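Below, in structure tokens: the form predicted alone, a single chain.
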């Protein structure tokens, strides 16, 4: 019964996402929803790393940048197919996560946060200074549209379907990871590293693999961003963006995938509220965009004070009450 309900929920979600281009041809709205889908991919990987394995990262924007620049250079600079660019960007980001994880194995908590923060700053400088590849502060333009099996995806609707199709696959795969043995090992690591070691978990290997998978997903999102927008610049992959991504996962809650995904959708849409609410005043829109980072910070404080387990904790509590009522 529970399995059939899960399948029905997935089918309903796919139907809703697939129906959006049929219900609207608003280019701005579709572009905003593309950004939401990209953030869902990033946050799914970050939920694995932070929400389940308990490994904090303030450098995920750098992995997004690695994926974006690598794919952009491979396709526009070398003239190779889009799928090759996606593979290159995802792989390089995963390798970056692997290289960052190896020297950071002995670090925890704020020490690990500082290491990842430093990595983000180093990559930000490289994005600015490696002008031959990245275009420097001026950015890299002329990035081609995605092309799959000879079909060029150059319309807002096609890019939307590509990004959200990828996001659904990523969420499905991550959900299966956390339900299986790796997910149980990550929860054990999050609860107590010593306890996980005592239970036979290879903590070092688990940390490295989780970092690599999480970074690879961020790189995948970066490749989609580059080809959806057609332009990438260093400012997109700054430390501020890494903090925003971490804030989304905190608001979503640890030990949950649904919570961070919901938080990602809600908080990504926040600065673009005018796309969903027609007639919204310009002053309100300007306020939301100018104070975006501050609103995220306030959201984190409210969650920590009122709902320490985040949106995911509220979902679990609602399910527990529902089961109690059914059995009662």
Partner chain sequence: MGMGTRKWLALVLVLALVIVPLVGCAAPEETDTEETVTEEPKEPYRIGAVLSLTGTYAGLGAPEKNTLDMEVARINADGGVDGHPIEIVYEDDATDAAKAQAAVVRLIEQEGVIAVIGATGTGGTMAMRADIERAQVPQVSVAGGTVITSTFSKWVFQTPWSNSLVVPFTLDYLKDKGIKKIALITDTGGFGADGLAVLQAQAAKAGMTIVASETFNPGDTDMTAQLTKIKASDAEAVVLWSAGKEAAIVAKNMQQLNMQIPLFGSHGNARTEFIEGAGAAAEGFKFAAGKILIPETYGEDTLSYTVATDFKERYTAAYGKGPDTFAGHAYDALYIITNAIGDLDEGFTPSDLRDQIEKTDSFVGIGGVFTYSAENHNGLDASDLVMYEVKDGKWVLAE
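A quick note: this is a predicted structure, and the numbers were derived from the prediction, not measured. Residue numbers count along the first chain shown, from 1.
The same protein has a further form, the form predicted in complex with its partner chain, not shown here; the description that follows concerns it.
Within 4.5 Å of any heavy atom of its partner chain in the predicted complex lies no heavy atom of residue 205. At the 4.5 Å threshold, heavy atoms of residue 235 reach its partner chain in the predicted complex. When its partner chain is considered in the predicted complex, residue 314 lines it closely, a heavy atom lying within 4.5 Å. Using a 4.5 angstroms limit between non-hydrogen atoms, residue 177 is distant from its partner chain in the predicted complex. Partner contact region in the predicted complex: 285-293, out of 60-68, 285-293, 256-264, 39-47, criterion any non-hydrogen atom within 4.5 Å of its partner chain.
When its partner chain is considered in the predicted complex, only one residue from 209, 128, 190, 184 comes within 4.5 Å through any heavy atom, namely 128. Proximity to its partner chain in the predicted complex holds for none of 73, 101 and 199, with the criterion being a heavy atom within 4.5 Å. Interface residues of 27-45, taken as those with a heavy atom within 4.5 Å of its partner chain in the predicted complex (partner not displayed): 27, 28, 31, in sequence order.
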